[in-house]
Each structure stands twice: as C-alpha cells, then as structure tokens.
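What follows is a single chain, given as structure tokens, in the form predicted alone.
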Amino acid sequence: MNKKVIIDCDVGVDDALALILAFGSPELEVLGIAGVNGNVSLPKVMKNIEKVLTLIRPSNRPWVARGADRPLQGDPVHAESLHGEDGLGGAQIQPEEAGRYWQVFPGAAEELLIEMARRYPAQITLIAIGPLTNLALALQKDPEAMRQFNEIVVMGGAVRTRGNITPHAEFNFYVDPLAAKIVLDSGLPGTLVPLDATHQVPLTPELMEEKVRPRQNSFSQFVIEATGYESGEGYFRGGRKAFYLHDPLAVGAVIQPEWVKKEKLSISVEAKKGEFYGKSYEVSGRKTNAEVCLKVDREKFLGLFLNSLLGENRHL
C-alpha cells in the first residue's frame, strides 16, 4: 500500500531532486506540496515548484500551497551561492499553464497541512525539507490536527557534526531556529535526518560520469544543469567536488526506512542570536523527541535515487 505524503519545501536544487525521487517512487503517493522561504525567496520557491512539476508531469495533480515568506523571527536568509540566483542553478524549464500538473490550494500552506491531516488521520507522512516555519504556524493554529500525521520526517540539524552555514548550524534550522525548536518541542512523532547522515550520500563526479551523463534524458540533463556540473573539470557549482543529497535522503528514509540507522534522542535548537544561533544539540535527562538518522546504507540509497531519478522505476 502506498504511503501518502505531503512535502514541505524551499525548492532549491536538492529539494527538486527530492521531489523527482518522491514522484518517481511507486511506494509514495504525493498529495500536496507546500512552499516556504528558504534556499531562495518564496516567489522563486513557488515558481520552482511549478517548474519541477512541469518536468515530472505527475498525473495525480497534487495540491500546491503558498507558505511563509519569512521566518518567525529575524530576516530571511537565502543560499543562492549553492542553488543559483533562481534556486535551480539556471536549469531551463518552462512551467506549463497553472492547473495542468497541479492544483492550487486556496489557503495558506499551514491550512493545507491542517486540512490534509484531518482528512487522512494517521495516514500521512509529512516530509519537511526546508525551514520549519509552515509546520510551526500549523502547530500554533491547530496542534491537535498536526498530531494526526502518522509521522513527520525533517531534514535539518547537525547533531554530532559541523554545520554547513556556520560551524555550528545546519541551513534549514539556521533560517528559522524558533520554528525548529517549536516543532521539536511539540512532541510530534518525528524522524530527524541531519547532516550527520546526508553527508554520507553525495553525488560525485564519478557518479555523474558513470550514471547520470550517459542517460541523456530530461532528468539527467536537469541534474547536470541544476548542480552546475562541469564534466571536463570534474566539479559542481562553486568548485565543489561533491553535491550532497540532503533532501532526497529524507524522502529515501520514508521509502526505505530500514536503510537508515536511527537513535532515539532528545534534540533542541538554539533560537537566541549569537555564535550558536540555529545549532541543534542533544539534551540529556529529557524525554526523547526524535529518531535521529546517523548512518545510512550509502550504496542502496544511491542506487534507489539514481534508478528513480533516471527513469528506471517511474510510475507517473
């Protein structure tokens, strides 16, 4: 039986790859997509959702909802240096007319989360791969509805490793640490997929040359353009030697949860401005609030990701 999912995202490149993986996996049924400020501004996020759905062409026409355009506190922070000015590395996709591959949800993203949780009690997995602003707003508005989710899987945090935007903080939690703290402290059944695990699953020049470039389909071309991969030089945008599959791993942890090794921990987030702003940390002596993915079967996940991404198991 397919797992019903909703994906809350700030569509940059790895969010787009996560959407492609989710829609291309027969194990999942994507009911809706919520956009949130993060990798790029919210208008760009919403346009990127439309572009990626145009690339994927899903037949089920998921709901698409516009979410928060700024964090609960502080100013918006973006990551164009990694994702490009448009958030998709300049990859050329012309979005189709509205409504062909998606339905526009009439309310805000937090209302989509609340409505779908109540419509399908204990049946939906919420996959959050951007800042957690929409989830925090939904919790503040209707905490009982949010408890109707079967599970919430969050890509965020750096538990026992360095951050990727500061030495201490992972990007999603840094953008809106108050929202992350609200969600983690809420007691919702959650799985956390932090940098500890996602840094184990990179796209490398070897994989790009052996698995991606030879396919020459619309998805492989998108991966090359979006990641800024330069074949002759063997690097990705910004001179990087690896492109980490942060957000796709959160989707993979839902498709094949046995491929990630988890520990039950109590995790909180520093929401006060300062050196440790956005840092996720373990709290001793407190009830556990998350199953934290610390290890992953790299080969199995990369196989799943590449096969789905490149058309091996697509079911659209």
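Treat the numbers as computed from the prediction; the structure is a model and nothing was measured. We number the residues from 1 along the sequence you see.
What follows is about the form predicted together with alpha-D-ribofuranose (RIB), which we do not show.
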One stretch from 243 to 251, 25 to 33, 55 to 63, 262 to 270 that, in the predicted bound form, holds residues within 4.5 Å of alpha-D-ribofuranose (RIB) by heavy atom:
243 to 251
Only one of Phe222, Phe149, Phe171, Phe236 has a non-hydrogen atom within 4.5 angstroms of alpha-D-ribofuranose (RIB) in the predicted bound form; which is it?
Phe171
Checked Ser186, Thr191, Asn164, Thr125 for heavy atoms within 4.5 Å of alpha-D-ribofuranose (RIB) in the predicted bound form; positive is Asn164
Is Asn39 close enough to alpha-D-ribofuranose (RIB) in the predicted bound form to count, meaning some heavy atom within 4.5 Å?
yes
is_contact(Leu113, alpha-D-ribofuranose (RIB)) in the predicted bound form, heavy atom dist at most 4.5 Å
no
Can you work out whether Met155 and alpha-D-ribofuranose (RIB) are in contact in the predicted bound form, taking contact to mean some heavy atom pair no more than 4.5 Å apart?
yes
Just checking whether Leu132 would be counted as a contact of alpha-D-ribofuranose (RIB) in the predicted bound form - the rule being heavy atoms within 4.5 angstroms.
no
For a quick check, can you give me the residues of 3 to 26 that have a heavy atom within 4.5 Å of alpha-D-ribofuranose (RIB) in the predicted bound form?
Asp10, Asp14, Asp15
